[in-house]
Structures are given as structure tokens and as C-alpha cells.
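Below sits a lone chain in C-alpha cells, taken as the form predicted alone.
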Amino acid sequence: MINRRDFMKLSAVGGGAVFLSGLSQITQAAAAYDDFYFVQLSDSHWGYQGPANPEANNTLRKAVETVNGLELQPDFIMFTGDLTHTTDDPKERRKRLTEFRDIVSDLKVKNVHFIPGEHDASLDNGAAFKEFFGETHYSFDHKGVHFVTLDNVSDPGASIGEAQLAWLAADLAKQARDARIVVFTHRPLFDLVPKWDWATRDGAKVVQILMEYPNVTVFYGHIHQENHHMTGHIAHHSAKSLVFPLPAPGSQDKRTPLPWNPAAPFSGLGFREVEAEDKPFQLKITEFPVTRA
């Protein structure tokens, strides 16, 4: 079990407790069931080239090195989309997916899950992603927690769709009403900033299904920054990016990346610890830097 002393050591070498949603969320389950934690990484945008991150060819590798350097390795790792940067060229898309897969294959933990982002999937309805990583939505159970992944990106209109909604309802119907449920998506399920594509067109239908269950937490990516939101009793937590941060929701006309800061090259990138307590089922989030340098 990871203890707070170990994480304070990690934060001390990083130069600040910055949360890289893109890099990770670490979760410990409650003592009433088997303790464990997982790491979430998001929005690596492999293949990006531009002034917002001149170190884009190294950031994903740094994240892999940091996770591999954890004294206690996570039970599993979850990537929540935009693994690669968008391209109109199907051949280039597969090249980037191949390179991404090769880099993350260096992770010590081999229990790794993936969902796509719109950069990976919206131009081909997820076809290339499925070739490399399998289905775009699925569920699994781990040590008393039911995990659900949703695809709100393969549809270029940013919808979940009736077929996936029916699948979600049927999947959750197999769970007890008080089941501990964690949901992963790429886009937010609520209307954060629709004009910036920070929304899911039929996300309210997903939330309506989830509302039947009292112990639900949603983790997502896409917005490249920390944001916490409640829809009723459901908490939604966004993850920062592994490539560049984006402006605060609705703070400017367009969602252009924040400028690169050579004095603090990885500011806005980091990872988080999420501790779970059983009664009531709660998650405590603590943010940490992504690199030791």
C-alpha cells in the first residue's frame, strides 16, 4: 500500500504539487476490500509538434519513467484518450499509434487499459484505435470496484449514442445499487464549455443512468487541466495533459494552448493520488508533479 511518506518524497523532488491529469490518478481502495491503487494518464497527443511544448517528444517518456519509478507499482494503468495527435492521414495515424504503443510498452505494469480521444478516433469512427487497443467502451471489475469506460469521441458529433447507452444501462443493471462504480470518459459528460467542445451531446442521458447508483465517480481528460464538478451526488474530476495545458473554462474566446514557459517547462503537468474510503465510499485527491527534474 502506498503511504503518504512515499508520496511526499515524490512531491519534494518535483518542485511543486502540480497535478498532471494527463499523467495520473492514483487510487487506493478502502480497507474493507483489498487495498489497491491505479494510475490514470491522459492526453499525451503523441505526434504533436508545436510551440506549446517543444519537449513533446520527451514528455510521454518522462511520464513512463516516473510511473516506473514508483516504489509500489499500481495494480493497473488507465489511459483516457488523445493518445495521439490528430492527423488526416490514416497511415500517419497508425504510425503514431504504433509509436505510442511502443513507448508505453516500457511500463513495468502490464495491466494497462485504453480508451480513445477525438484525436485518435473521430476521423475514422475509432477504426485505427480498435486495431491497436480493442474496443472503445467496456467494463471490468477490480477488487470490489466496478470500472466502466465510455466512448464519447468516435462519433464526430460527440455523442455516446443509443446503442452504447443501452449497453451501459444493461451493464450497470448487473451491479448492486450500492456498488462502487468508477467511470472513465474522454470528454466531460456535462456541459462545461460546449462552444469549446467541452461537452458530450447526450451526456445528460449517461448521468441519468448513473444517478441510480449512490457511489459513482467520473474521471475524464480532454480539457488539459484540473476541474471538479458535481451533478447531484456524482463527482466529475478532469485530468491534466501530458503535452500542454489549456486555458480556464470559458476564460477566452478560443481554447488555444497556454504558452510554453522555459523557466518551468513542465508546469501544468503532474499526477494525482486518489485515496478511497469505504464507508461512505469517498475519494480523496492529492496532486503531485510528473517529473523529478
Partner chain sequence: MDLQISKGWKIGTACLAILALVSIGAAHSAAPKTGKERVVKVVAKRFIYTPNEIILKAGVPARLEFTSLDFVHGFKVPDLDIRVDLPPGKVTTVHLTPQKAGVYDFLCDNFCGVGHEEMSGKIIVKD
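Positions refer to the first chain, counted from 1. Given the structure is predicted, the values throughout are model-derived calculations rather than measurements.
What follows is about the form predicted in complex with the partner chain, which we do not show.
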- Item | in the predicted complex, the one of R177, K95, K195, K143 near the partner chain [non-hydrogen atom within 4.5 angstroms] | K195
- Since exactly one of N125, T87, S139, Q73 fits, which has a heavy atom within 4.5 Å of the partner chain in the predicted complex? T87
- Assess the spot marked by E118, R201 and R255: is the partner chain within 4.5 Å of a heavy atom from every one of these residues in the predicted complex? yes
- Segment that reaches the partner chain in the predicted complex - one of 166-174, 144-152, 125-133, 79-87, heavy atoms within 4.5 Å: 79-87
- Task: For the heavy atom contacts within 4.5 Å of the partner chain in the predicted complex, list the residues of 154-174 involved, in sequence order.
- Result: P156, G157
